[in-house]
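So this one's two forms of a single chain, laid out as structure tokens and tagged structure 1 and structure 2.
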Structure 1
Amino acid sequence: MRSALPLIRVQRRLEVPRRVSAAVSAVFILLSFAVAALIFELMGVSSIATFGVIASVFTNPNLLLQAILRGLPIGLAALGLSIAFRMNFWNIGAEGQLYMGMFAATGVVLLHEYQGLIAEPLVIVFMVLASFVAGGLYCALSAALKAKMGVNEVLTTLMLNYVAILFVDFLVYGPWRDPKGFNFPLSIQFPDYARLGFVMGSPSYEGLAMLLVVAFLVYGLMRHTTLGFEMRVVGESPEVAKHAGISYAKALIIGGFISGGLAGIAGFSVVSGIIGRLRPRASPGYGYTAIIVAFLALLNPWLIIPASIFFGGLIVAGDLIQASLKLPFAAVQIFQSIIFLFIIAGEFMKRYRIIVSWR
């Protein structure tokens, strides 16, 4: 007897051609724009006007430079996440690692200003190195817990975000508060030689150069080094890695360190390139947005650059939308969230097929 209800099964696809994958991603991104337009209309705001403001960011040279600058921390964190996700290490802690990078970079400036321990020409170099190490160690902690004790990295990386954010709050409200800052929770203003733009005249130019260099290094690491090969094998199958003589723990911890280190450098770019000092809630969610960018770019280092600039442009557009259309910044965050949800849906459709049959 035939059932009145269909039998629905989900079957994994064995292989998806690159062109099909790109086409599916494009379709779902267009669908996200359509849904966002509907939401804007329901809010009583013209979707055409809203998208016009967003488009102006990428056509106006000055606004485009701002989009590049705001996309810099997103792109650096996303490049780090692309390494972790290749290993099937689900690092959700880029936001916390970014804050640890901000902490380390500010600490170097304070050591220079108050203790004179670092020479002026080396300040920005030590800021980058300290940020990389601080973010890397913060992520490596979760990687070690997973490798040695099987602790779920989603939980540890996510919870450590709040630890890092509150730790930075403690510093700027307490011992690192600027004594000449009229009691505001801010660190001292960074000197010019500790700011991005000191060499090329614009932090946006230096930021874009930094993104290109890091993307090149990440691509080279994952494609042309033994370590990158080991990390990819670990991501594909830990059992195969074990039989091939690859140390799962070593690859995971080193990969986690590099992933968190790049997120730490993203934190450096926030305090050195965008703000010029440390303050509470310095990141509007760059680390979380980096997760969207990494998936949107299919973990490809070169695609991460335009994707991060696009989301940086959305942040800039958010400021313009608030001023011109009287929409709250939450409306732009809703737009980002819709894109993320449709990207996830697109990834599901690329990896699985839904089979409906009747019995």
Structure 2
Amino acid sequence: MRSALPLIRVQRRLEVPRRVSAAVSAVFILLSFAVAALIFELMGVSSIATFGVIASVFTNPNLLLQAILRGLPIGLAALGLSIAFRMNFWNIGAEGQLYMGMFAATGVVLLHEYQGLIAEPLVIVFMVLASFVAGGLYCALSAALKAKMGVNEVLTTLMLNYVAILFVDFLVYGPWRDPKGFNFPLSIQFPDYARLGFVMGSPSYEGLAMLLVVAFLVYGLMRHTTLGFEMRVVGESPEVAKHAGISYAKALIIGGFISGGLAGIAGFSVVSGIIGRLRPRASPGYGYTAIIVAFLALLNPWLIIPASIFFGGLIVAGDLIQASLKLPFAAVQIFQSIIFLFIIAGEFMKRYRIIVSWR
């Protein structure tokens, strides 16, 4: 008997060629624009005008610099995540590692300000190093738990996010509060030597350079070093790795350290480049957006740069849509969510094929 309802099965694709994967992403982004356009039309706003406004983010130099600046923490964290994901280490904790990076970077500034332990020109270097180590150790904790005791890393990394956020809250509401800040929960303002932005007055230039250097290093690490090879093998199959004499735990912990460390540097870029002091809830979710960016870029370090700037641009476009088209924030959220949703749907379509059959 023929059933009235079709049978829908979801089947895992075995191998996805890179070209197909890129094409699927492109198609889904275009689809998301089409749906967004439809919604804008329904709200009574010309979709052409809207996309004109959005495009202007990438043509107006000031706004483009802003897009790069917003994309900077997202991109750095996504570069770290690309390493973790290649190892099949599902690090959802970039947000928390980012906060640990902010904590360490601020700590270095305070050490210099109150103890004078570090020479002034070196402060920014130490900030980067400290944030890398802090974020790295925070992630390595989850990696070690997985490697040694088999604890699911999704749970530990996700939950440690809240620990890190509350830890930073504790510092700025407590011991790190600016003594001259009228008791508001803020650290002291960073002095100029601790701020990005010494090239042509905008932190975006250094930010772009940082992204390029880090992408180059990540690419080199994964493609041209033994460690990178080991990490990739661990990601493909822990069994094979074991038989090949690769230490699963070592690769996982080192990879986790680097992954978290890059998220830590993203935290440095937030306090030093964007805000200029430590404050509670300083990141509006850069670490989570980085997950989407890493997948959109197919975990390719070079593609992460344009993808993160694209997402940074979307945030700026959200402001612009409100200011120039007088649309409410809800419209911006719908627009951004549609794009996110379609990208995630595209990821699903890359991995699985849907088979509809009539019994």
Partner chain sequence: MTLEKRLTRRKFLGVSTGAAAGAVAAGAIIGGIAGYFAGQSTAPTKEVTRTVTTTVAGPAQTVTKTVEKPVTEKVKAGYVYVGPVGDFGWTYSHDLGRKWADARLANVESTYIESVPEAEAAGAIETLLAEGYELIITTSFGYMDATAEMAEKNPDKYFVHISGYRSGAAGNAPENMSAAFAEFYQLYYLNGLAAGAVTKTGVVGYVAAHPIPEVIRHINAFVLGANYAYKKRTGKNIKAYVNWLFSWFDPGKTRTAAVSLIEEKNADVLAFTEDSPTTLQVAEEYTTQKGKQVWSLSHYGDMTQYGPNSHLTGQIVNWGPLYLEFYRMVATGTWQSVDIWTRIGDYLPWRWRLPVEKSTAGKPEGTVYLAPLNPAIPSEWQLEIKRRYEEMKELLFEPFSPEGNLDQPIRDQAGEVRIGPGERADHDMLWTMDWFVEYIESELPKV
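Residue numbering: structure 1 sequence, from 1. Computed from a predicted model, the values in this text were never measured in an experiment. Between two forms, the rigid core is the largest collection of C-alphas that superpose within 1.5 Å.
Asks: Please identify the form predicted alone: structure 1 or structure 2?
Replies: Here the form predicted alone corresponds to structure 1.
Asks: Does superposing the core leave Q333 with a CA shift of 2 Å or more between structure 1 and structure 2?
Replies: Comparing the forms between structure 1 and structure 2, which are aligned on their rigid core, Q333 does shift its C-alpha by 2 Å or more.
Asks: When the rigid core is used for the superposition, does F33 move between structure 1 and structure 2 (threshold: C-alpha shift of 2 Å or more)?
Replies: Where the cores coincide, F33 still shows a C-alpha shift between structure 1 and structure 2 that is 2 Å or more.
Asks: Would you tell me if V45 moves between structure 1 and structure 2 by 2 Å or more at its C-alpha, with the rigid core held superposed?
Replies: Shift at V45: 2 Å or more after core fit.
Asks: Mind pulling the C-alpha shift for I54 between structure 1 and structure 2, with the rigid core superposed, in Å?
Replies: So the C-alpha of this residue moves 2.4 Å.
Asks: Cα of S324: shift between structure 1 and structure 2 in Å, core-fitted?
Replies: Taking the core as reference, the C-alpha of S324 is shifted 4.1 Å.
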